[in-house]
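First, one chain by itself in structure tokens, the form predicted on its own.
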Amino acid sequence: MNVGVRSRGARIRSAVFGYANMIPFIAFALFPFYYMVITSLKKDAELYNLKAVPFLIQTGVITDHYRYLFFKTEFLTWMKNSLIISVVATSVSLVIAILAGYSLARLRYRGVGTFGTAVFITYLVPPTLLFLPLSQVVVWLGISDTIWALIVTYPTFLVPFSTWLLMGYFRTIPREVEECALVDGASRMQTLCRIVLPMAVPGIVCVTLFGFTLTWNEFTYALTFVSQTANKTAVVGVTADLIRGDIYYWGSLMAGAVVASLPIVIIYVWFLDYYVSGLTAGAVKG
């Protein structure tokens, strides 16, 4: 009996210790979002009061900054542009990455290993080195200052990492399953679509979340290739419209940051398990 009590007490202490260790990390992760929310709900007088406590709301909650954001700016248009660009660019990149990743993981031809390494090295090239030559491509295609400029250029950095990640995940799928399908008369494409892809759902979800997040938050290309207000993304639109010279509309800026971050939060909450399993499997095997 005493042994059972001691064992239960040890488990409780271990659980308490584990949760206590998580508190600093949770606080560190949630603090930026908390600060954005309380800043977006403060009055301007409190925001610019140097004696006010920056981490608390002392003079009452207001929603004026959200009303200004939705009714006095083109924020909803920017959100729509971000959604269209992120969905289309991620979908195109995903299709290319699936075909390239499966080819590099399963097919055997001269230089396959070198190609796989080159794909990953391509991802390591900083985007700031690419936007100048890509701007010439955009002008040559006649799509400058449109959302298509971003849809065309975003796969240049989405495809390499997505391909590398899917290569690792495809290698975790047993070859015997594909060989059985090939022996039964299925073509390589049928094997990919009917056998491999259903088994690779966690990896595909991981790549999709990664691509969507990266395109949603991308700033350099969106700032360089698009200047019309109606074609801007949410990240660039909020920054450009609510920062005027040395005047910062902090309340509306934080309101925009809160609303723009909600789609990312929602999709990660829904697909967190798939994301973790796909990322760890691809990273370990690749």
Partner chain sequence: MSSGINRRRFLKTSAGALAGTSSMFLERAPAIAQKRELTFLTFNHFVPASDDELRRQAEVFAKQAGVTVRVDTIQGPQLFAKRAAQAASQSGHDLIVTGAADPFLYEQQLVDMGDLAAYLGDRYGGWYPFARDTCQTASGWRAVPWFWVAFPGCYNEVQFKKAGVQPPKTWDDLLKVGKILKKQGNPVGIPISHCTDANISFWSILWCNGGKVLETDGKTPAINSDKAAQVVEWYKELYRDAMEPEVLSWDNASNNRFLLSGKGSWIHNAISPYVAAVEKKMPIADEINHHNSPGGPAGIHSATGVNSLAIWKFSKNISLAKDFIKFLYQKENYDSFIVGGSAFNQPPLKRFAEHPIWASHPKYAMLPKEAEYVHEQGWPAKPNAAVQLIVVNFILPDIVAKAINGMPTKRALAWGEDQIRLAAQGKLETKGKT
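Numbering follows the first chain given and starts at 1. Here the structure is a predicted model, which means the values were calculated and not measured.
The same protein has a further form, the form predicted together with the partner chain, not shown here; the description that follows concerns it.
task: Identify whether the partner chain in the predicted complex is within 4.5 Å of every residue in the set 86, 94 and 197, based on non-hydrogen atoms.
output: No: no residue has a heavy atom within 4.5 Å of the partner.
message: Taking the partner chain as it sits in the predicted complex, is residue 66 in contact with it (heavy atom to heavy atom, 4.5 Å or less)?
response: No.
field: Partner contact for residue 77 in the predicted complex: the partner chain, 4.5 angstroms, heavy atom
entry: No.
message: Quick check on residue 240: any heavy atom within 4.5 Å of the partner chain in the predicted complex?
response: Contact with the partner chain, yes.
- prompt: Going by a heavy atom distance of 4.5 Å, is residue 60 a contact of the partner chain in the predicted complex?
  reply: Residue 60: no contact with the partner chain in the predicted complex.
- prompt: Does anything in 16-49 come within 4.5 Å of the partner chain in the predicted complex by heavy atoms, and if so which residues, in order?
  reply: 44, 48 sit within 4.5 Å of the partner.
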